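Below sits a lone chain in structure tokens, taken as the form predicted alone.
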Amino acid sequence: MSSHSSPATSAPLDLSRWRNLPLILMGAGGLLALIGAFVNTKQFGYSWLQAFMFFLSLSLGALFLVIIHHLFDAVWSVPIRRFVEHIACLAPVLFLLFIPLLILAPTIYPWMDPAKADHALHAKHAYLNKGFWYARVFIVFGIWTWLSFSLRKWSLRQDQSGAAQCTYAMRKYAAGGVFLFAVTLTLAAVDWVKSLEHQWFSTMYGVYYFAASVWTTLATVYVLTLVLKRAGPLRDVVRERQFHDIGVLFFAFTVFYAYIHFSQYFLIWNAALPEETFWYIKRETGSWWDIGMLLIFGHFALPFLTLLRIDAKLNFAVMIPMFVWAWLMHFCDLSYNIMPIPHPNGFVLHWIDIGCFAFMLGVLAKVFLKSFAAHPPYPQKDPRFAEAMGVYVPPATSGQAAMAHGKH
């Protein structure tokens, strides 16, 4: 890592000037969203859904990173695990933010209107009905809250005792939780976005949302790792390896997302079934075609070519703009999925979109910062911490043997 881009050689970052930013976002964004809810209720519903699915993807992506950390007994991610756990534990707050969608669901989901019932809805009625849809909302949020808080509970307990029992417990939760995670994320993506056009068929939609979620979360984690290192809390524990490995994962999910999205498009194009092709045909209208091209070149080609060089992953002058770009691409991706319903003729950045996004960002940032301040910034007694720091600690038996040898 070049010295000009290393956080270790940079001046400490003073975050005090930004401490009121979440409140400003909450106030300004909340005011815009509230006005929008009364002025244009339907647009507000879609704008709120778009912002919600954006920030839900960060929480679910963080939960996935915590799960795979324990599943693979990872070493490199130990110093950053704690703040990733806090992002995963935003699930209860996201449930509260989902309440407007519970109220507005009959307005924004056409299949909930009995007058618009058709053959496709009749065929899917066992799954797509109001009662079961609302029940699944509570089920998936219950599982996400239980799983994320259980993992963090044992992680914090490990800080106190350092007992092996804590490590084993987290592995067990991760082993069972990865299956629950896969099912619940798929249900959420299908129920809350794909069902906007209930006639459409796609068996890959859950994986599509998953790939985009983890991709965006890795961008966020990279930036937060850099900020927390320069600000102080992680200055002594984050090394070059953490930035490199996050960058490698981001590169991997760049390819994985492109593979999933292309596979979905190719299978639908190849089959040429009307109940599948209409979804993409609608997104070839007006400026939606341009957004589709932007996703091809901006969501895949640009980050792929940029990150091919190994040193790019450690160059903050390259990576920080790249991850700002990742947030923009994820927003465009969600617009591509959601907004052709209220705006079939092309992309529109509505002021209500901005208000909803700003309000949720402020709320979630405030809760995250409160959680981060209430607990140690990184795991205190994780058995892999020394290895993550690049420090070799000889086993006790080796030390005893060496002492015994010295006596002789």
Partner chain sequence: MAETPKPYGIVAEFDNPADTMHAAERVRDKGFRKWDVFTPYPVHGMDQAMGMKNSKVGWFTFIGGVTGYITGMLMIWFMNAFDYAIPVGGKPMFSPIYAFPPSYELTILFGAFGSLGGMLFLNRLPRLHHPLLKNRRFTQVTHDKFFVVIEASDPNYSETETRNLLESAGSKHIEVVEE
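Everything numeric here is computed off the predicted structure, so don't read it as measured data. Numbering follows the first chain given and starts at 1.
Here the subject shifts to the form predicted together with the partner chain, a form of this protein not shown in this document.
The partner chain is not drawn, but in the model of the complex it has no heavy atom within 4.5 Å of Arg157. Shown alone here, Ile310 lies within 4.5 Å of the partner chain in the model of the complex, counting heavy atoms only. The partner chain is not drawn, but in the model of the complex it has no heavy atom within 4.5 Å of Val324.
Of the heavy atoms in Tyr265, some are within 4.5 Å of the partner chain in the model of the complex.
Contact with the partner chain, judged by heavy atoms within 4.5 Å in the model of the complex, is confined among 302 to 310, 231 to 239, 183 to 191, 197 to 205 to 302 to 310. Trp269 is the sole member of Phe149, Phe72, Phe132, Trp269 with a non-hydrogen atom lying within 4.5 angstroms of the partner chain in the model of the complex.
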